[in-house]
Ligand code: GLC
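First, one chain by itself: the form predicted on its own, in structure tokens.
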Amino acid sequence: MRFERSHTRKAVALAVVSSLVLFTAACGGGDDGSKGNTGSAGGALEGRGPIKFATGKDTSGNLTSQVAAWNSQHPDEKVEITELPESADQQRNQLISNAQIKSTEFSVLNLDVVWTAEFAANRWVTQLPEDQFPDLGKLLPSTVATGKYRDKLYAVPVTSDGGLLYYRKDLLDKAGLKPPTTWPEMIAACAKVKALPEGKAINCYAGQFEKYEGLTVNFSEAVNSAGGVVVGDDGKPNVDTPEALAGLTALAEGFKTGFIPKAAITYTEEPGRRAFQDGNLLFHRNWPYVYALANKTDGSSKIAGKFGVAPLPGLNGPGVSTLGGHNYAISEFTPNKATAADFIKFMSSEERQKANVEKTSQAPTWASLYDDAALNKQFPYLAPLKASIGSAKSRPQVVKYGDVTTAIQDAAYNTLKPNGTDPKTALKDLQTKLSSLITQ
């Protein structure tokens, strides 16, 4: 899962306003999905013919071949890919704009896992009858949960994601060290590596700290890995706590001490990946897709064969990843819901997911693929990734997600930037904002 930086805050603001208006309307008519057309009630999905698949920009280059496999078998129900912008914020904005006018342009929507509640509550996507998707029980349970809203299915998980710690195995081996399991161990390991002639100029650690969706992820991981929560099991925000303070303080101190380089305040996934591949980082938090790119032997990576992958370290123990991934949903306004449902079954099948892993190193949702011997040989990170996804925590699954993630990003970024806000003050203010945004 990649969250590219939004090119304009105005677009995001527009999306937020639109979603608030639509949410109000949805609440007025009930948001449990029990009313509406046949699809909304989770009944038969009808209508066949060509459809359009709205998805974020395919940087892997593999989506076209996946869809071509469907088209070759279904000449009368071909799927056309419509690529949305790279920015997750702009993708959401465009999908909301289409839904607001009840456009039939898109049939299948590629949704970030945290958009389910918002799209379902506003009746922008169709409730799916679970008996028409019999393979759900073979997927990782945590991924299936991301496709549900109020215990009803609205989207099918096709790719998952868990944060991983990429590290320079060659340098740790040189220093006689194992991959760190805690934040203090990681700090100590960097000091030892930097004492080596080979590691003198290397930076220690970076994640994604630009003010965008990736910062919400990194903030959440810091809080969860310190034993805190952003939103509790009761659905209420709970960030004004000692645990959350410890997590955010660790990140802030990382910037102050230089453990995290100053440039990392501008990092989204791709700049951080390039810094790691160029040999400028000892440790790097990122998604599974990095593995295939960092191991390329075409000259684009200076560290091919020199790095390893481990679970994220926590403050005083194992870390907790934020659950990422993408789900496929059916637009409430498409006339060809039957074709859309079959296309989702095809793309979420074990065969298609295995082919996708082989080409892109993206995390599958089928549990069996994590135990596939051939895949494990090709991608040794699968074992720690399965553990990462299994214990991962979701970002807040709320209807007003756009407002919530913006509040989190503002609080975290204003703390991490030079001469930033005191972490305790930032979390106290964030608690107040989230309490006004998240209602049950």
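In this text, residue numbers run from 1 along the sequence as written. Here the structure is a predicted model, which is why all the values come from computation and not from measurement. C-alpha atoms forming the largest set that superposes within 1.5 Å between two forms make up the rigid core.
If you look for the form predicted together with ligand GLC, you will not find it shown, but the lines that follow are about it.
The stretch in contact with ligand GLC in the predicted complex, judged by heavy atoms within 4.5 Å, is 207-215, chosen from 207-215, 73-81, 129-137, 173-181. Among residues of the shown chain, residue 273 is not one whose heavy atoms approach ligand GLC to within 4.5 Å in the predicted complex. For residue 395, a non-hydrogen atom is located within 4.5 Å of ligand GLC in the predicted complex, even though that partner is not displayed. Residue contact with ligand GLC in the predicted complex: residue 324 places a heavy atom within 4.5 Å of it. Although the partner is absent here, residue 113 is a contact residue: one of its heavy atoms lies within 4.5 angstroms of ligand GLC in the predicted complex. Checking 332, 221, 269, 118 for any heavy atom within 4.5 Å of ligand GLC in the predicted complex turns up a single hit: 269.
With the partner omitted from this view, the residue of 167, 366, 287, 149 that lies near ligand GLC in the predicted complex is 287 [heavy atom within 4.5 Å]. Annotation for 143-177: the only interface residue with ligand GLC in the predicted complex is 161 [heavy atom within 4.5 Å].
Core-superposed comparison between the shown form and the other one: the C-alpha position of residue 59 differs by no less than 2 Å.
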